[in-house]
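Here's a solo chain for you in structure tokens, the form predicted on its own.
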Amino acid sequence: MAIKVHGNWFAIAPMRVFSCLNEKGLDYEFVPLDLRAESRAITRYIAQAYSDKGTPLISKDPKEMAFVFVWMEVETQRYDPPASKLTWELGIKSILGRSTDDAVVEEQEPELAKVLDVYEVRLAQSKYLGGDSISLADLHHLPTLCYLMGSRVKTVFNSRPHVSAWCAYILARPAFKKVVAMRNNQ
């Protein structure tokens, strides 16, 4: 029986869930809804419940998992607030035929840059935020990265070589390319 995922094709939360399911190689059915969901809890459940399938997105080692949890919190608390606002302004609003609020972009871009400065230091030490292999800490960035790397704030990412390489690598993952292809076919 396929896992049912409820959401909206252009929303960030379901894109996180689809990426996780694709990394695990699991079958799923999309059920369109116009609601927001807590995708991080769902991806954590999938990663733990299906730990024996597909890409390992969490570690059984408590020390390694602590690093992943730290970077998951950084994503949630520091990265996501400016990234989601910028995604709305520079990505989703144009899909809906609405105008960008340049004041919001000007306010949020420096906030995002501060977080990416921290990421640059971390990614100079490891290939991924949580360590040597991809984890939920990286995966949770994919939906906003997808929108932002196609916008004018791409330069904020590309001006940091380790962040830029990390973005290119995780966005090129087949599991996420599958999510983008699904979204584009809707």
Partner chain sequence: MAAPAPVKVYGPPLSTAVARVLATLLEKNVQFQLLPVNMAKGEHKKPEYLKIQPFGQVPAFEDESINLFESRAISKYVCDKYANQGNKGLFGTNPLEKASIDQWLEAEGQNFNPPSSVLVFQLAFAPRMKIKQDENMIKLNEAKLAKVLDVYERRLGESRYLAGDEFTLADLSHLPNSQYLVNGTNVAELFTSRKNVERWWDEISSRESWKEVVEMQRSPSPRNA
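Positions refer to the first chain, counted from 1. None of these values were measured; they are calculated from a predicted model.
Separately, the form predicted together with its partner chain exists; it is not shown, and the next lines address it.
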Q) Should the three residues Arg44, Gln48 and Arg78 be counted as contacting its partner chain in the predicted complex, with contact defined as a heavy atom within 4.5 Å for each? A) yes
Q: Considering its partner chain in the predicted complex, find the one stretch among 157 to 165, 144 to 152, 126 to 134, 66 to 74 with heavy atoms no farther than 4.5 Å from it.
A: 66 to 74
Q: Give a yes or no for Glu29: in the predicted complex, does one of its heavy atoms lie within 4.5 Å of a heavy atom belonging to its partner chain?
A: no
Q) Do Asp52 and its partner chain come within 4.5 Å of each other in the predicted complex, heavy atoms counted? A) no
